[in-house]
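Shown below, as structure tokens, is a lone chain in the form predicted on its own; questions about how it binds or moves come after it.
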């Protein structure tokens, strides 16, 4: 399955580094070539000798290896692999990746590479759940970095929860999936994402709290399965993924026009949080504040993009997937929305403020289809995207 594939394995400094010895063995057992890079911290947990013996190649440790650097060895290393794998990806290493630091061989390779990157995070549960780590996770996802794990369970520190590095067999599966041609090869998929901004005057607008993280992750996951993705995005916080066709819009009307221009498609995923209303008559100049007088804004309905595409008849994508962000009666409201809009699937979630879903790194969704409602456990938005993309691939097979 991995015969002839070249894997550049960066081993970070965590107790989970011992698992990389088994990971190397499994990769070589499937015919892959493994070039190991051992960080200084990683060498506190596994020895260069054990890593080299299993990989069958010399271990790279020092950025300033004069023999290698005479030929710009770190650049060659960073680009000669089919995939760069970071395991374990510690909180420190992820932070350096997110900030683009390059203070040693590992981080320099990661900054210089034009090869896809897969990370396997591993750290204490509190470190994993810290807002800084979650921000770095989201930022790396936006840069196109794929992730496997972390798993939940007992940790070496005595605590329990998410943060354990994925098992070597699971990492091998993720590597194989990342390198596969993809079940969606030859399929065209439209994805909308982010909020829309509906102007009131030249300096004010109506918007919502959508970050675009979930839509971005879905577009990336679909592209990872080989799909040709058209990504129509409002002004989101998350940068768009690489390897997709990006169409940037501001308003709901612009998004509708971009969606119509992107058709036909084999599937359409409407993850954007489109504003339901706009100001009927946008002021051409800034509305001035007047003491004792409040401006009166008259609203008009925005186009219903999901319903428009789901009910369009000729030219309708074979699979139309909508999203329902609810704050109460989630299943009932989303089920009714699926029927009312005419879409095939609805991905429903509770975005009440206490859930941390809107703008956060994780999601809890229910997939509603003609067959009924399927609850998914809480997971990262990247994992939700991967699971949804796999279901889409099955439906289009």
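Positions refer to the first chain, counted from 1. Keep in mind the model is a prediction, meaning the values are calculated, not measured.
The same protein also has a form predicted in complex with ligand C5P, omitted here; what follows describes it.
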| task | Run the contact test on 42, 96 and 106 with a 4.5 Å heavy atom cut-off to ligand C5P in the predicted complex and return yes or no. | result | no
| Does residue 249 reach ligand C5P in the predicted complex, with heavy atoms at most 4.5 Å apart? | no
| said: How about residue 322 - does it come within 4.5 Å of ligand C5P in the predicted complex, if we only consider non-hydrogen atoms? | reply: yes
| query | Counting only non-hydrogen atoms and a 4.5 angstroms cut-off, does residue 274 reach ligand C5P in the predicted complex? | reply | yes
| message | Check residue 318 for me: does it contact ligand C5P in the predicted complex (non-hydrogen atoms, 4.5 angstroms)? | response | no
| So which stretch, 44-52, 336-344, 360-368, 25-33, is the one near ligand C5P in the predicted complex (non-hydrogen atoms, 4.5 Å)? | 336-344
| field | Option touching ligand C5P, based on a heavy atom within 4.5 Å in the predicted complex, out of 217, 306, 189, 110 | value | 306
